[in-house]
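Next comes just one chain, in structure tokens: the form predicted alone.
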């Protein structure tokens, strides 16, 4: 699959604008000129600039004749297989499901289901997918809860490990 630079640039600009907008919601610190939103906003501005450069470069390359780069999106041979297309859509679909359901269901069961599903769909056996998903989920929970001190959504399981 090949995307024109303008498409990638547009996605980058949209992401940068969303990131900058979210960063402005960070609380300011009393007595300080710069708050916690400064660096995310600077990074967002850099991403937006890079995105604009990619957009310009992509549009210019589409206007140049005979450079073989006249399509916005070129799908590879993998796109002919329905299984591969399902697997491709499964990754963003499961990420969106995690975002929407993690507070209700919790990190542990949802991360296990997502990892096991992805591993199984991408070629692991059912047993190895389940074992790897369990071990990875528990290690991630312990890493975030005990080492990084970042609480993960407890959901229906409560805080089993943390």
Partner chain sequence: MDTILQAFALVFDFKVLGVMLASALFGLFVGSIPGLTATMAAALLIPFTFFMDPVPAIAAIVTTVAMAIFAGDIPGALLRIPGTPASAAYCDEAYAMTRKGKAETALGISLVCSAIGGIFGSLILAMTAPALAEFAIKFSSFEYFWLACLGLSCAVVVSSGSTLKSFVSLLLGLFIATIGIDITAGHPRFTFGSVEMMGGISFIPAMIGMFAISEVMRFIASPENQQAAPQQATKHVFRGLGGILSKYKLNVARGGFIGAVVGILPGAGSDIAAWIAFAMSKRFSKEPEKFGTGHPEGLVDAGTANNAGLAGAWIPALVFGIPGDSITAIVIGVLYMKGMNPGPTVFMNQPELIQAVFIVFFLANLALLPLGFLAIRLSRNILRVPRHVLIPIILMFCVVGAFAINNTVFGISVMLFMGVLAYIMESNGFPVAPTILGIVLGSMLESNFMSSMIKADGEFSGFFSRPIAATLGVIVILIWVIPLVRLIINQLRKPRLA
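All values reported here derive from a predicted model rather than from experimental measurement. Residue numbers count along the first chain shown, from 1.
In what follows, reference is made to the form predicted in complex with the partner chain, a form of this protein that is not presented.
- Taking the partner from the other structure, the partner chain in the predicted bound form has a heavy atom within 4.5 Å of a heavy atom of residue 152.
- Though the partner is left out of this view, residue 82 does not reach within 4.5 Å of the partner chain in the predicted bound form, counting heavy atoms only.
- In the predicted bound form, the partner chain sits beyond 4.5 Å of every heavy atom of residue 14.
- Contact between residue 61 and the partner chain in the predicted bound form is not found at the 4.5 Å heavy atom cutoff.
- Applying a 4.5 Å heavy atom cutoff to the partner chain in the predicted bound form picks out 98, 99, 102, 107, 111, 114, 115, 118, 119, 122, 123, 124 from 97-126, in order along the sequence.
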